[in-house]
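This document opens with one chain alone, in structure tokens, the form predicted on its own.
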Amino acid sequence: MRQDHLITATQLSRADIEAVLDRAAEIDADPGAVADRYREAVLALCFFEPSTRTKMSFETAIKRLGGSTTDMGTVESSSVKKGESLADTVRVVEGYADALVLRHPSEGAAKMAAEFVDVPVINAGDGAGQHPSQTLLDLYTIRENVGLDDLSIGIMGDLKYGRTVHSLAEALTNFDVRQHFISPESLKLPRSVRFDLHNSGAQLREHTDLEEVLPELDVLYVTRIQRERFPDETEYEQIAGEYQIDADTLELADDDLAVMHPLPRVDEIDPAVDSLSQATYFEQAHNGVPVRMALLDVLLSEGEL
């Protein structure tokens, strides 16, 4: 990975992805081997939106590499509340840290922030845009369960606003994967995303019915309907609760199907599914630590694996 920042999944080649995933596997097998590698490193956490898994796994990752964190805190407790611009915030924080993890509600915020600082910036989600570090842990989970080539992958739910979907779909174009997108008409992939996927040579089909494609899937990636992304509350209420799966739904699926979810879930996966062998979403969440340790290792070592 030659880039100083991780802003979008489109910047990742297959070689980049495999290098990070291979490094994550090494760390996963022997985390003690890197325990003091970045003893003096400080990772800044700038989260302008709520987060549990992403924020905590980045914090755990840098600490397991021997480093520490400095946290901006909530928007309400920061100078953002006083009207400070994002550009000024990141320029100040750059002086306190060796790398910066940014989550922001505005699409394109991470790209803009990277133009103002010299330390690595990792996009931890920019509105309905991208979430590339989530994509890397998703790919790691897929590889650990079913490999990364000659696959049929279904991505279901909020495809319009889901940044994890946009990042994953783009990254999957580096592999021999047939992508099936399952959603109501109103939450289909944005035209711009479909255009980019076609230009990248993606094998894709769109569906409104899960049952017609479920038996052929190797992976089912489920996403929640995101209330916070809807500009119109009425539109959200019309769609909320659609596209739920339970144990009965999965009777149509292959026994080796991997059911994934970036979490948090609301009601799109019945808790009874948790005990089934196909459920991999908690494993997926846990994979955030070794994958983000590997990513930080790459960026903090200036791309030298």
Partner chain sequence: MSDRELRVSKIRNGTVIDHVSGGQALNVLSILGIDGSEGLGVSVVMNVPSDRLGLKDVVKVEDRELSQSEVDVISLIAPEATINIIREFDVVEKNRVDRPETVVGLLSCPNRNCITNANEPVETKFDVVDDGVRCTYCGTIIREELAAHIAPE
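Numbering follows the first chain given and starts at 1. Predicted model, so just to flag it, every value in this text is computed and none were measured.
Just so you know, the form predicted together with the partner chain exists too; it's not on screen, but the next bit is about it.
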| item | value |
| --- | --- |
| Proximity to the partner chain in the model of the complex (heavy atom, within 4.5 Å), stretch among 135-143, 179-187, 200-208, 112-120 | 112-120 |
| In the model of the complex, residue 87 touching the partner chain (heavy atom, 4.5 Å) | yes |
| In the model of the complex, residue 82 touching the partner chain (heavy atom, 4.5 Å) | no |
| 4.5 Å heavy atom contact, residue 104 and the partner chain in the model of the complex | yes |
| Close approach of residue 218 to the partner chain in the model of the complex, 4.5 Å, heavy atom | no |
| Any residue of 188-208 that, in the model of the complex, places a heavy atom within 4.5 Å of the partner chain | 191, 192, 195, 196 |
